[in-house]
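The chain below stands alone, shown as structure tokens; this is the form predicted alone.
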Amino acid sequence: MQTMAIIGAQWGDEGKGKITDLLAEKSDLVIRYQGGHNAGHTIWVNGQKTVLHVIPSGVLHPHCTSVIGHGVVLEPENFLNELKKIKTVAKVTPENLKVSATATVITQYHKLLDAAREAQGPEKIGTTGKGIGPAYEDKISRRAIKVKDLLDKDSLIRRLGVGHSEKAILFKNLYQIDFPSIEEEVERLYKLGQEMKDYVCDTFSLIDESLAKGKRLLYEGAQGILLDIDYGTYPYVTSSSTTASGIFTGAGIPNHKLEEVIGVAKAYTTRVGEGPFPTELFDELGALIQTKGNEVGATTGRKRRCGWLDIPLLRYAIKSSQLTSIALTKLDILSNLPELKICYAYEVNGQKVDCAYPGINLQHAKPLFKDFTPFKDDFSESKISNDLNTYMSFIQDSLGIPVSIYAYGPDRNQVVFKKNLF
């Protein structure tokens, strides 16, 4: 197997970073293809915590080249700060970390717009306020600055001037906030570009050459399928293509195909921010799962809403990203709970619904639950209990694809591979 993808199968925060980190040990390239520093991939190694936001989760393996693809939106100052932190725990050089020359740049203007809209807008989306959405807006409207523009001051001045007058009107008249001049932003961005220029390259050609040489490529997604701009629970979504389709638009897989697409899912369901959540728990049990699972966003610090595992949503994730197997994480959080349930279907307008297709209004979806005998595994041995096996088997049978990986803790040694990958 030469190509594999790790994709969040829920609303993000599923534990993708840990799975990617483990599979990176046998990979030559780990490639981020969408999103920005709104991601929060937490990796634990020997009790030491590392949180990555835009740098791929393969960076802790020095033999592996980490690639930030052209579909990512990059905030240069954040990238350099994150790079500085990572260098304290890993050997990172321009040889094993590459940034696409055509990735879109997040400017100060994007961050100001994002924060102002979320604070003053009529509809709360739950954005991180990091400028991700406005940067993608400029990309689609052909007003964006690319990483390569940071290396040429004349190009930077020209590109930054496109659309500036419109933003200035918004800042002055609508939001009434201060903003930097073009001259100030040009100087800031050009200086940052000089600091990161050695990491910049044509990543599409790098990927093409690597595939031709038979190297192993691992594509790492950020957020989750249900937050995809097209396939997610719109409008409560992110601004990029988080599904497998984003790999083809945001990084490329020249003359090749995806051989394995692993959907990472928690053994329960969580969501950060606004939007529908059919299996959400509002009682003490939901609070217990939140506390026990330390369900706090790595990027935002916001508490995550918690609920039972949702099979209809996972069925939709499988169909929309052609998932070939599931990595089930955080099983330990469900151990010793007073009760245990899985949503196997919805009731919508008196009809049973097995898959959460976009045409279904999740606000009106009544979850139908199957009760399970709570398992009490402590995972001290490799063998799992009959109760846990029943729980996992129901998930696998309901989804029609295998559970290839399961995890019962945050560290590398708390993951079990049920299928040979790479």
Ligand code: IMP
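The numbering used is simple: start at 1 and walk along the sequence shown. Remember, predicted model here, so these are calculated numbers, not experimental data.
Beyond the structure shown, there is the form predicted in complex with inosinic acid, which is absent from this document and is the topic of what follows.
Establish, in the predicted complex, whether Gly40, Val237 and Gly273 all lie within 4.5 Å of inosinic acid, using non-hydrogen atoms for the distance.
-> Checked in the predicted complex: all three residues contact inosinic acid.
Between the options Thr104, Thr127, Ser241, Ser321, which residue brings a heavy atom to within 4.5 Å of inosinic acid in the predicted complex?
-> Exactly one residue meets the criterion: Thr127.
Let me know the one among Lys191, Lys172, Arg302, Lys87 whose heavy atoms come within 4.5 Å of inosinic acid in the predicted complex, would you?
-> The residue from Lys191, Lys172, Arg302, Lys87 that makes the contact is Arg302.
Is Ile132 a contact residue for inosinic acid in the predicted complex, using a 4.5 Å heavy atom cut-off?
-> Answer yes; at least one heavy atom of Ile132 falls within 4.5 Å of inosinic acid in the predicted complex.
Does the 4.5 Å heavy atom contact test between Ser100 and inosinic acid in the predicted complex come out positive?
-> No.
Look up in the predicted complex whether Leu227 has a non-hydrogen atom within 4.5 angstroms of inosinic acid, and give yes or no.
-> Looking in the predicted complex, residue contacts with inosinic acid include Leu227, since a heavy atom lies within 4.5 Å.
Per-stretch contact check against inosinic acid in the predicted complex, the hit in 55 to 63, 387 to 395, 32 to 40, 366 to 374 (non-hydrogen atom, 4.5 angstroms) | The contacting stretch here is 32 to 40.
Counting only non-hydrogen atoms and a 4.5 Å cut-off, give the residues of 1 to 18 close to inosinic acid in the predicted complex.
-> In sequence order, Trp11, Gly12, Asp13 come within 4.5 Å of the partner.
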